[in-house]
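Let's start with one chain on its own, the form predicted alone, as structure tokens.
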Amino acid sequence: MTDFPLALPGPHNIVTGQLSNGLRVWVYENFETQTVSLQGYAPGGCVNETPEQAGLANLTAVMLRRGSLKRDFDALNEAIEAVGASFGFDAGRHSLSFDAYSLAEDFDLTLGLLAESLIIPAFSEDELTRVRSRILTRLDERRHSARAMANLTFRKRLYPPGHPYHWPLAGEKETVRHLEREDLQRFYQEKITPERGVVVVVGAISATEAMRKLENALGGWRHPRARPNLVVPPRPVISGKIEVDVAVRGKSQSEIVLGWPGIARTDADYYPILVCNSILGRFGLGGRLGRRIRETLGLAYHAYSTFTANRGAGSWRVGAGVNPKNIAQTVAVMLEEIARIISQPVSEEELADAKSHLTGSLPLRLETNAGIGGYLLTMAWYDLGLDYLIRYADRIRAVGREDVLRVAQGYLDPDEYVLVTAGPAAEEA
């Protein structure tokens, strides 16, 4: 046993508390660099939208950064850029996220600007017009990206209409163009709340000082009328083979996405899937998929396996970027590799290499205050426990060949899947 676990953030050095408005706080003191990272989540993501208002959570988050009742967008930018700091907002499936980064000496200013934007946003009509126009332009551009359309179509076929994971976070042109200032104000007041939220501070600041400053800046943020949707959506069910081809004109390359329903972040199968996914398509030059499809057969520009896990079930998918002429062969090889990993245990060498990669890369991901903060935020949001990072390596090492085989058989199926190909139309290929 080394001293490394004790150097990790854990119950012995993470200070926890709660602001008067219900916002939970985690603080990790780190004076190795004179910077401070703040990251937070508050309930209020796109699960609170109706299908007719898809993109509302995203638009609201973007507009929080576009001016407060005290300062317009230009004044906010001038103030934050003068000290080389940053802050911003984003929308997820279940949350509004916010973050700030600055030198320790500029934390008060940065926190103040973040709080000002979060608590008294202006939702200016002029800014809304500009932001909405830019989002609509990006949604137009999305239609011309084979990768974007493959992933978008995969999501829509995996999750049925009405499921809150069905539509893209940015929404659709048909829904975003109709969103008005009143929609943003209503969503902000009725669907976003500090209660059950969390903020993490990592860096060159004492826990006592951080708690005090957070209470002064954010403790007054209250939305008593807010009733966000806290229901975890159901895991989707697919039957048979769902295969879709999307024509994206003007493209010479096609994107393939083949996948299945996944798991929630708190599912006990998370660690075995993490290892299995690394063997299948993440470790080294793309794992088994990369070695065979890209390196050996030369069929693809890239090949991978990835999975997402949210409060509800995410997805587990494999993909590749290929010449359109190679689609059929690449899909066939993907399915062969899926059949192989569900029919026989992985080798001891593959298992050891994947575990070594997953445990060995953790210190690299914790080299910055922002990196540490990202992990702590995930730990707090999903209630993974203060000792998550300390237990992480042991949990990875505990995964055996039988565990990898079990989750592969439980979640991957070469006979039932969603397959999307996106690229040039047949006449262009």
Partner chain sequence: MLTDRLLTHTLDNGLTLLVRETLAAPVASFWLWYRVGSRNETPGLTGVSHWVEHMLFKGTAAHPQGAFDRMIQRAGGHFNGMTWVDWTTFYATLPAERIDLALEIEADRMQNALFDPVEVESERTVVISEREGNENRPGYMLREQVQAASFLSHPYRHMVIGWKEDLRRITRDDLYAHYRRFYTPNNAVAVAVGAFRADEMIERIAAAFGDIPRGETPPAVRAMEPKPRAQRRVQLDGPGGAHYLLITHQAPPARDPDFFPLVVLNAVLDGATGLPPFGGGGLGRAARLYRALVNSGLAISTNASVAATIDPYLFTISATVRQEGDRDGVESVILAELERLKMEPVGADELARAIKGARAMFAYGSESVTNQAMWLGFASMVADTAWLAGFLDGLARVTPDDIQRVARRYFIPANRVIGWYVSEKRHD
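Only a predicted model underlies this, so the values are computations on that prediction, with no experimental measurement involved. Residue numbers count along the first chain shown, from 1.
What comes next is about the form predicted in complex with the partner chain, which is not displayed.
Looking at the partner chain in the model of the complex, residues 159, 183 and 244 place no heavy atom within 4.5 Å of it. Of the heavy atoms in residue 378, none are within 4.5 Å of the partner chain in the model of the complex. The partner chain is not drawn, but in the model of the complex it has a heavy atom within 4.5 Å of residue 250. In the model of the complex, no heavy atom of residue 270 sits within 4.5 Å of the partner chain.
For the chain shown alone, residue 83 is a contact residue for the partner chain in the model of the complex, at least one non-hydrogen atom being within 4.5 angstroms. Note on contacts: among 77, 266, 206, 329, the single residue with a heavy atom within 4.5 Å of the partner chain in the model of the complex is 77. The single contact residue among 190, 105, 172, 336, judged by any heavy atom lying within 4.5 Å of the partner chain in the model of the complex, is 105.
Picking from 395-403, 45-53, 65-73, 379-387 the stretch near the partner chain in the model of the complex, with a 4.5 Å limit on heavy atoms, gives 65-73. Contacts to the partner chain in the model of the complex (heavy atom within 4.5 Å) from stretch 112-150: 130, 133, 134, 137, 138, 140, 141, 143, 144, 146.
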